[in-house]
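Only one chain is shown below, in structure tokens, and it's the form predicted on its own.
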């Protein structure tokens, strides 16, 4: 079970927290070219004060870094550094850094201790928790990976202040997802505090991030390897991941794609008679209040329904050539469905891909 630390100003505790967990050896920090210049020195000092020698590698920013070719670059770096099995890999960054650093930690020397230091809202409430690590394949997101939980997840909410506004909005998509599938009261809080959360001025910031994180911890504890209950965390992701892959991970941020996917999943839930239309409309209004899209913004490249369907067919949760859909029967409660008619999915996708005004990016 991972140790979870969330709060304002916790970054300086990294080294001491690692010592408390019995970690020893050296620390190998994997970050990116945007995050490390901002927080790398504070991390290095914390490690040094706790007696850890450290080295760092900065990846290019963006989803394109989450590939097998980048993994080999990191393997080569660890070989050159003479890394040992008792040394620790630390991910300092958002979901891309956490996923690839975790995959490297899981596979180099057949497994090294792994620490997550997530620096985005999305990573702090979702991707850094639960042990899913891996890289993308050109034909699908996260198709290559492992379950490898971090021994420590240390989230400092102060680092969120340097995020671009678009990245902040994308992170809140996962919080809204959490509320829709697990916590109706959380949705009330998000709805009532949208402006302050978007501005990162709400006094509820740390509370809501921890509430979402604890929900994920609870679900993962019941279904670590995603054979049942954990699948509900993929609400909005069947369509979202397909959109990301179909657009070569260059147009939409993950949270934006998930937001569109949630709009689609809610529409399907209504169409099959599970969800009241007012609940789907409320979800979409909250998504938009956080600056998130509920259909594909206008883009300068064609994207067909057939292309998205083809990408959906490669989803790693597909069983017997059928997509496993996470649908809602009420706000705060999700269910897994596999018998969704293809014709219905096509109709919903056409509405999501219909031309719309460009999003404010």
Ligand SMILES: NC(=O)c1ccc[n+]([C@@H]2O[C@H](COP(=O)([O-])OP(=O)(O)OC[C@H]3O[C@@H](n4cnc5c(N)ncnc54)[C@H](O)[C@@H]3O)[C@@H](O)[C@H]2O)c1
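Positions refer to the first chain, counted from 1. Rigid core: the largest C-alpha set superposing within 1.5 Å between the two forms. Keep in mind that this is a model prediction, so the values were computed, not measured.
The form predicted in complex with the named molecule exists for this protein as well; it is not shown, and the discussion that follows is about that form.
Chemist: Within 4.5 Å of the named molecule in the predicted bound form, counting heavy atoms only, one of 270-278, 69-77, 194-202, 121-129 shows up; tell me which.
Modeler: Stretch 121-129 is the one.
Chemist: Please run the contact check for residue 96 against the named molecule in the predicted bound form: heavy atoms, 4.5 angstroms, yes or no?
Modeler: Close contact exists here: in the predicted bound form, residue 96 approaches the named molecule to within 4.5 Å, heavy atoms only.
Chemist: Verify the contact flag for residue 294: yes if a non-hydrogen atom of it lies within 4.5 Å of a non-hydrogen atom of the named molecule in the predicted bound form, no if not.
Modeler: No, residue 294 sits far enough from the named molecule in the predicted bound form that none of its heavy atoms falls within 4.5 Å.
Chemist: Examine residue 38 and determine whether its closest non-hydrogen atom to the named molecule in the predicted bound form is within 4.5 angstroms.
Modeler: Yes.
Chemist: For residue 336, is any heavy atom within 4.5 Å of the named molecule in the predicted bound form, or not?
Modeler: Looking in the predicted bound form, residue contacts with the named molecule do not include residue 336, since no heavy atom lies within 4.5 Å.
Chemist: Pick from 207, 285, 162, 227: which residue has any heavy atom within 4.5 angstroms of the named molecule in the predicted bound form?
Modeler: Result of the distance check: 162.
Chemist: Since exactly one of 42, 310, 329, 63 fits, which has a heavy atom within 4.5 Å of the named molecule in the predicted bound form?
Modeler: Flagged contact: 63.
Chemist: Taking the named molecule in the predicted bound form, would 256, 324 and 346 all count as contacting it (heavy atom within 4.5 Å)?
Modeler: Not one of the three qualifies.
Chemist: Since the partner is left out here, which residues of 211-241 would have a heavy atom within 4.5 Å of the named molecule in the predicted bound form?
Modeler: Residue within 4.5 Å: 216 only.
Chemist: Does residue 196 count as moved between this form and the one not shown, where moved means a C-alpha shift of 2 angstroms or more after fitting the rigid core?
Modeler: No: residue 196 shifts by under 2 Å between this form and the one not shown.
Chemist: Residue 141: CA shift of at least 2 Å between this form and the one not shown after core fit?
Modeler: True for residue 141: a C-alpha shift of 2 Å or more.
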